[in-house]
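Below you'll find only one chain, the form predicted alone, shown as structure tokens.
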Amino acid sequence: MSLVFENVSKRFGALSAITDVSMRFEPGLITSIIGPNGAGKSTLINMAAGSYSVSSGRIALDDRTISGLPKHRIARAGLSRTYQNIRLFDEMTALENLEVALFAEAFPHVAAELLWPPASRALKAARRARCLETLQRFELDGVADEPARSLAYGHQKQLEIARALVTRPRALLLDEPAAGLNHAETDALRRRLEALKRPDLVMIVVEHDMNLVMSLSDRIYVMHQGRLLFAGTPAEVQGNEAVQEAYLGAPGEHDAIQAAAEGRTHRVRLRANADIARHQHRAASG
């Protein structure tokens, strides 16, 4: 079982967002996709989930082509995802947010639930138990009956992952799960994601937090300007010069920025130096 991108490209009019990308994501591993802003990371996720069409190439789950299918059929095939920006049902409780994710699975039993009360009670109890069990894995069972809008931001991020997981997917795609989290919340997220690993689950993480990526990932794909730049283990990615240049610029570019800033206002010089220092710090900490 695997999720495969075969020579996938995506064009928006004259703009090529993704160009001839091939990737293979295996179950039992956590694979991250990284790259500078605009590299095409989220576009890959959106194509896999059916939010964007594929301009050319093929995406397959378990050797079944899913590119070109509507989103609900891709979800039924076993692919589940989260979003960069939280997309919960604010007025629903945490528990209801998970229950609604099971609607497609429960739909064939609607007649039985409507016409036979004992069946209705049994099916509803089974769904509730399944959702509560998933909430418990994220330590959210204590807020099961609270509206999603009332939860702390970190809990909302966890709830969105729980909702994606409750469908028992074959492939779980997490788009920037650590965005907006503090250090403690990110560390808790890392532990929970590690605990989700299982032999029959493909896990893909798109993330900017390099400390999280390097400590969490078994394998990493690096995107740059819509193309696959490099693939390898965290150690291989950290030591690759092409990756370093993609994030930090080619040797001498920092000196060129500083030279261009000379003669400008004091504020411009300070800003240029601060930007360079920030990029260098990210590289050292990554």
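All residue numbers are counted from 1 along the displayed sequence. Remember, predicted model here, so these are calculated numbers, not experimental data.
Missing here is the form predicted together with a small molecule; even so, the following discussion is about that form.
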query	finding
Segment that reaches the small molecule in the predicted complex - one of 40 to 48, 238 to 246, 23 to 31, 214 to 222, heavy atoms within 4.5 Å	40 to 48
Listed residue that, although the small molecule is not shown, lies within 4.5 Å of it in the predicted complex (heavy atoms), from K124, H208, R192, R130	H208
Candidate from T93, Q136, Q84, S150 lying within 4.5 Å of the small molecule in the predicted complex - any heavy atom	Q84
Non-hydrogen atom contact E176 with the small molecule in the predicted complex at 4.5 angstroms	yes
Contact of P36 with the small molecule in the predicted complex (heavy atom, 4.5 Å)	yes
Exercise: Y52 in contact with the small molecule in the predicted complex, heavy atom 4.5 Å	yes
